[in-house]
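So this first bit is one chain, no partners, the form predicted on its own, shown in structure tokens.
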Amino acid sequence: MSDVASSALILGASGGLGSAMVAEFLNDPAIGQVVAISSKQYPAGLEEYRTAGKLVWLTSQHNERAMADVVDQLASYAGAFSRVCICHGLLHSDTLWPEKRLEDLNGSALQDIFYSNTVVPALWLKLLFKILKGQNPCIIATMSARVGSISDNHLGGWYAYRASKSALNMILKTAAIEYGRRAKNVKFIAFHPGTTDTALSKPFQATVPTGKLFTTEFVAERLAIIMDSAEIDGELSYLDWDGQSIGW
């Protein structure tokens, strides 16, 4: 086990919410060290934390071999992570856009969305099992979305994003059951951050009601509070930013 008693692990650390979670945990005195993993190089502005040893920044591409290699570098942290945030997500890009109707469906776009939103988190859960299993409580929060709720779908559209988040929820539910048998120290949370001021939501912010566009700092603080109060019960909790349960 690492000599750092309680560490946090942020996957997808350079995105809007990932960066906010890094900052949140760096300023938490209960967290001895933050390990951030991203496909991008270390950002400016956090040098003091690296120098002090509180921040470790690792880079990895999002393919299984690269991810396995970076997990091997975490061997000394086995049993030490008390907080894990999986912050990957894709809604749109320069070449794809949320579908408004069936005619907009595109096989390549579906694969890209599913890979980012479902496959990458699933691979992390597979690869990190040996690191997260232990005696110390560990809370894993993965960025899901309310639009992944089948019962809450009243508008239609956004086929790929909705389906990828529903599939993510099923991956998390199934993993929670298996971790509950084999790694009883782990608790899973599927987290809906609300509409947050990030690049992911930027094109859609004009229609957001007043007071419902959240800063990344606010969402990070809310998630940290939810993780602090989570109980290790072998279950998956599907929660929004206010700690309220979402129907599947």
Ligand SMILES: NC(=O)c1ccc[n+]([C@@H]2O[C@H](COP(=O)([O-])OP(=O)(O)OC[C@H]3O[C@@H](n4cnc5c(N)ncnc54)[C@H](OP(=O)(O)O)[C@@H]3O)[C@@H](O)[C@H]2O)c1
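Residues carry their position along the shown sequence, with the first being 1. On a predicted model such as this, the values are computed, not experimentally measured, just so you know.
Below: the form predicted together with this ligand, not depicted.
Undergrad: Heavy atoms within 4.5 Å of this ligand in the model of the complex: which stretch in 174-182, 140-148, 102-110, 127-135 meets that?
TA: Every other range fails; the passing one is 140-148.
Undergrad: Applying a 4.5 Å heavy atom distance criterion, does Leu96 contact this ligand in the model of the complex?
TA: Heavy-atom contact with this ligand at 4.5 Å: absent for Leu96.
Undergrad: Looking in the model of the complex, any heavy atom of Arg162 within 4.5 Å of this ligand?
TA: Arg162 lies outside the contact set for this ligand.
Undergrad: For Cys87, is any heavy atom within 4.5 Å of this ligand in the model of the complex, or not?
TA: Yes, Cys87 sits close enough to this ligand in the model of the complex that at least one of its heavy atoms falls within 4.5 Å.
Undergrad: With heavy atoms only and a cut-off of 4.5 Å, decide whether Ser237 touches this ligand in the model of the complex.
TA: Result no; Ser237 lies far from this ligand in the model of the complex.
Undergrad: May I ask you to list the residues of 165-195 that have any heavy atom within 4.5 angstroms of this ligand in the model of the complex, in sequence order?
TA: Result: Lys165, His192, Pro193, Gly194, Thr195.
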